[in-house]
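Form predicted alone, single chain, as structure tokens, below.
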């Protein structure tokens, strides 16, 4: 599996990587131009069902990318968790889509194609780009007036698989079939409304469509890797780190990071709820199902430290394996669990339990304290704790934004 994006800066250096970006950008713009997407009349014609090239090109790009992404994920060449997916803000997204659609009809361009048109010296494209810049400025100056709506109906990394509750392969085949039906309808519209002669269209498009559908069926048959599959692929490397205790961090190191303003610490307490209610570290969140949290954890900023904990280390280790297998970066285990934390910071306040058993709470509590005890929120300066640092941050995330071609 290729767990991270290609490290261009490490391979080519800072400026060398920018050359690659420049070449990709130029190639993308060139392809749009030779396809006629710098011409506003060609683009606007799709809304009158006379010229459907835009729909066919864009949907072809979508389904080809979809099939290749999930095909590569199916055979272990790509980790889908590391692909950036725009988080869904349902109602702002709908309103924004309508506004962009109206702008597309009126102006004849979308943002990307307007840049292509402007780059080739077309007057309408230049004015459209100026309008885009003005709109960006206007939005930035007024967003505070509707910020509540702008951030409303947040659904996280929400996909069709999540919405419909269907396997990825079924969705892939379904989207390909839907696109092919749309292509057929688009060609009928071009024939009867636009007066096009479809006999001049290349016949190889039928073979390409059939081939793409076949690849989609293969993706369906292979299926997507489970968490267990992902762990099996990285077990040799990560298992060694686990055995060498490179991922178990001392309570002192965790406490120092909790009080480090440059680091966001998310503590995942995977114990039974009754133990969590008896005692837990301040701000630690009780987690019944680590798998359910994965999409939201991928949205956290790159300076986030994830620490899983149980009474000992058994349950925390299993949860850590899930995080690592699902490509959640900077994931660590609290060394010795809550029992060790209480040993270090409890100052003898709780009587110990004899032979508590594997991953069981090793202390007695007269009442359910939760985080209402000094040991749940100690101050580093009050304790002289010596430890070996283990945390090494990995700043390897996908892009932080999306865009429109």
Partner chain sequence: MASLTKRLPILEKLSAKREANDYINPYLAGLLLGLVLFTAFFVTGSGLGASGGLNRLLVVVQDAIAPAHVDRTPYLLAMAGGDRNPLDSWVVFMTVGTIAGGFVAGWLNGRSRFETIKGPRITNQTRWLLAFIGGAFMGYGARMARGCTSGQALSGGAVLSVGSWAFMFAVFAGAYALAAVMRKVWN
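Positions refer to the first chain, counted from 1. Note that the structure is predicted; figures quoted are calculated from it, not measured.
Another form, the form predicted together with the partner chain, is not on view; read the next lines as being about it.
Asks: Counting only non-hydrogen atoms and a 4.5 angstroms cut-off, does residue 336 reach the partner chain in the predicted complex?
Replies: Residue 336: no, not in contact with the partner chain in the predicted complex.
Asks: Can you work out whether residue 141 and the partner chain are in contact in the predicted complex, taking contact to mean some heavy atom pair no more than 4.5 Å apart?
Replies: Answer yes; at least one heavy atom of residue 141 falls within 4.5 Å of the partner chain in the predicted complex.
Asks: Do residue 120 and the partner chain come within 4.5 Å of each other in the predicted complex, heavy atoms counted?
Replies: Residue 120: contacts the partner chain in the predicted complex.
Asks: Quick one: is residue 320 in contact with the partner chain in the predicted complex, heavy atoms, 4.5 Å cut-off?
Replies: The answer is no: residue 320 has no heavy atom within 4.5 Å of the partner chain.
Asks: Want to guess which of 237 to 245, 304 to 312, 92 to 100, 254 to 262 is within 4.5 Å of the partner chain in the predicted complex, heavy atoms only?
Replies: Stretch with heavy atoms near the partner: 92 to 100.
Asks: Counting non-hydrogen atoms within 4.5 angstroms of the partner chain in the predicted complex, say which of 295, 112, 194, 225 makes the cut.
Replies: It is 112 that has a heavy atom within 4.5 Å of the partner.
Asks: Given that the partner chain is left out here, which of 368, 62, 349, 352 has a heavy atom within 4.5 Å of it in the predicted complex?
Replies: Selected option: 62.
Asks: Under the 4.5 Å heavy atom criterion, name the residues of 116 to 152 that approach the partner chain in the predicted complex, in sequence order.
Replies: Heavy-atom contacts to the partner chain in the predicted complex: 116, 119, 120, 121, 122, 123, 124, 126, 127, 128, 130, 131, 132, 133, 134, 135, 136, 137, 138, 139, 140, 141, 142, 143, 146, 149, 150, 151.
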